[in-house]
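The chain that follows stands alone, in the form predicted alone, written as structure tokens.
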């Protein structure tokens, strides 16, 4: 009965109470909570809740006084003192003085901002807690105790308890690093501004202007690499899809014998690590590789510039990707083909439809309806398909037309970003390209998916 009463008392109050309502309608203790967290809880004998809120406020104030204010100041300036070399006359040696580190200033500033956001959320929770206690007292009920809250977390609100730790991990190890990397795009953190020897500063949208300016070398490189990235993603996605469907139809047709054996043979490449396959293919496609040696011995032709000519190299990576990617499509399509209702084919046969009409009126629409979301995902993955390009060609052939020679004719945005950051130390430009790539993928994915039958009519083939 006690548990039932507790649930009924909790159910009386709304799940979410606006803070503005709590402040406007709250009594003196609720309003005092805005300054001294836990004051309202103490007034209503919710001692443990009050102590926790008060401890959080004291902890945040100490954090800001001893660390946070300085971190926010350094975040705004990104450091003012550079590391320098000073001659120590007593020791007769040169010593390095400790200077600011712009990278740490940026990182600690981001951490302080997230701590502040967390404190604001806790402050709002304290005000709501005080107001809920006020409502309970006004209705003649006893305010909820800390023990009852713990029991509630193990009962109706178990999902809050279970999700809190994963959510905290996502914020700490995904969101915060992501914000840190995004902010780099608004600085001049490059090879000429590497801390602690040199500091970098905020430059606003200057880097975006440089990258998007089609009149500069950097802008020309970006737009050409972007164009090839989209071409690559289109062919790498839809050729795999088309040939995978054709192969699956041939294997699954009634007249094909040993279906399991053919599926095993064509999917065997999945068992080999992709990086091994691509590195082997890179060796075989070299000027003195196996393919050119065979062409010379058998046809007295070659050597063919598989990786040294821009057009040849681009066609080559698309073809090699077919060999790598078709088995995955084959597996997916086989499962879908086996689930197409047989009644549809029987009805088409009765109506006199031939194989061509059946394929385009039944098989293909059903396949597109089911696999369109997967195609969208595959397309976005191919935009970021680092392995195939980097391991097979490493962006080759190189060209002086592109920015500082950092990109080659087969480089995608993701491989160019890698070279800018790892090889060229242009971290700011790498961050800009990463942001633009995300915007591109998110926009294409959302616009495409929202116009598909899978989104508009989920029950279309049910």
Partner chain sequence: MNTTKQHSASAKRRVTNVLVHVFLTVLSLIWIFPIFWVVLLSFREQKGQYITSFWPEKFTLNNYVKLFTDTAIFNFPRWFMNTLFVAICSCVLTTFFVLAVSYCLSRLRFKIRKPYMNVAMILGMFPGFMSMIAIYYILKGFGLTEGPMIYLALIMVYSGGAGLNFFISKGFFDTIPKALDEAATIDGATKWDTFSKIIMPLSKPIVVYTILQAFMAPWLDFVFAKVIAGADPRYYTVAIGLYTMLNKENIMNWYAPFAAGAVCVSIPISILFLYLQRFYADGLSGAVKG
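Residue numbers count along the first chain shown, from 1. What you see is a predicted model, and the numbers here were worked out from it, not measured in a lab.
This protein has a second form, the form predicted in complex with its partner chain, left out of what is shown; the following refers to that one.
Across the options 70-78, 260-268, 209-217, 308-316, residues that bring heavy atoms within 4.5 Å of its partner chain in the model of the complex belong to 260-268. Although the partner is absent here, residue 362 is not a contact residue: none of its heavy atoms lies within 4.5 angstroms of its partner chain in the model of the complex. Although the partner is absent here, residue 332 sits close enough that one of its heavy atoms falls within 4.5 Å of its partner chain in the model of the complex.
For the chain shown alone, residue 177 is a contact residue for its partner chain in the model of the complex, at least one non-hydrogen atom being within 4.5 angstroms. None of the heavy atoms of residue 144 is located within 4.5 Å of its partner chain in the model of the complex. Scanning 163, 353, 113, 125 against its partner chain in the model of the complex with a 4.5 Å heavy atom cut-off leaves one residue, 163. Taking a 4.5 Å heavy atom cutoff to its partner chain in the model of the complex, the contact residue among 227, 273, 140, 204 is 273.
Shown here without its partner chain, the chain has 169, 170, 172, 173, 174, 175, 176, 177, 178, 180, 181, 182, 189 in 168-207 lying with a heavy atom within 4.5 Å of that partner in the model of the complex.
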